[in-house]
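Consider the single chain below, provided in structure tokens and representing the form predicted alone.
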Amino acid sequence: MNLLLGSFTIGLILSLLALGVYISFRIFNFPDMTADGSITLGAAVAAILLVHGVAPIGATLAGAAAGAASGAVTGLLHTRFRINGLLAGILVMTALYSLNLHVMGRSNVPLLSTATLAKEAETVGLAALGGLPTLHCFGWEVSVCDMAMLVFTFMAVVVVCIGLYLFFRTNLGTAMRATGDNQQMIRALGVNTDTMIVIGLALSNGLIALSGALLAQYQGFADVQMGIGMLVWGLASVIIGEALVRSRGLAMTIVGAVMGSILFRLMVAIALRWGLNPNDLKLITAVFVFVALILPGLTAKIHRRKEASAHA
């Protein structure tokens, strides 16, 4: 049961990554490769501030702000210097590897003896249950720490999702969505599309870095290698979510990204539980993404064939 709770918690944390990838890839049609670096940057900034005694909330928000700054740099490289979007993301991602090492001072920063949001959530959970270290849930005995972190993460994701939905229904948010749909049209209406792209990439990488900051506090460490392959994770979550909700509506796609992240994490956990070698995790992740990419097309093709056979 604790494995299931942990999978749900990590899935929820990485759903913020999925939402960030959704903004860049789906709303702006921008192939932003910064994600692998910005998620580590968020974790690194949060971890080093926590070690130096900064309050967990402040450290977490600072990590998100650092990620937003990295996304803005990618946007500026693309809009001001006319560098190809894919290449701009790769340049920033590469630079962030060295920057993350400078921020942390070493390749790994442990947080086991440091005050974090995970420990604060555990303290609140223990206080709410009168100090009981475990509780019974559907016949299973689960740790209060794991349950408290799951509840906290769920609440944080709900707040972010509602905030995103409301933001994208404002004039600025609508202009950003229109920029991704048709830049020529929105430019003709007097909107500066370059500014929209910079703000959008900043928002995207801010969410991704926020995910990294929370992940580091949940795992108890920040590592310079933790961002490798995370962009693929985010893309897989978005694709799986779209297949689940089968809707292009704003609210449903946001919910779908969260659902896709949780489901993807559960699939990975099941694979590990069945004896998958951890060294093959990235390979299995790539296979999952491949299946998620081709499955909608195969499903549509089969559906068309059935319709053709019915009309024949």
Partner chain sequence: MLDIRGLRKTFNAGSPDEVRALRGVDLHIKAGAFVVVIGSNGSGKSTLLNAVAGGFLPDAGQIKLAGRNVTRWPEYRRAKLIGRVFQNPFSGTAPHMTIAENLALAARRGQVHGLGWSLSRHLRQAFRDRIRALGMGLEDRLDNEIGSLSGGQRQALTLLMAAWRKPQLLLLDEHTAALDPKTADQVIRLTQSVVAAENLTTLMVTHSMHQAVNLGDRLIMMHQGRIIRDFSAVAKKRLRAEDLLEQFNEVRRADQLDPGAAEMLKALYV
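These numbers come from a predicted model, not from an experiment. Residue numbers count along the first chain shown, from 1.
Heads up, the form predicted in complex with its partner chain isn't pictured, but that's what we're talking about next.
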Exercise. Does the 4.5 Å heavy atom contact test between F167 and its partner chain in the predicted complex come out positive?
Worked result: yes
Exercise. Taking heavy atoms only, is S98 within 4.5 angstroms of its partner chain in the predicted complex?
Worked result: no
Exercise. Is G130 close enough to its partner chain in the predicted complex to count, meaning some heavy atom within 4.5 Å?
Worked result: no
Problem set entry | 4.5 angstroms heavy atom contact with its partner chain in the predicted complex for S113 | no
For this session: Decide yes or no: are T123, L126 and V142 jointly within 4.5 Å of its partner chain in the predicted complex, with each residue judged by its heavy atoms?
Result: no
Exercise. Of these, V158, L172, L86, V151, which has a heavy atom no more than 4.5 Å from its partner chain in the predicted complex?
Worked result: L172
Seminar exercise, completed: TL;DR on 114-122, 173-181, 224-232, 101-109: the one with heavy atoms within 4.5 Å of its partner chain in the predicted complex is 173-181
Exercise. Which residues, if any, of 11-29 lie within 4.5 Å of its partner chain in the predicted complex when only heavy atoms count?
Worked result: none
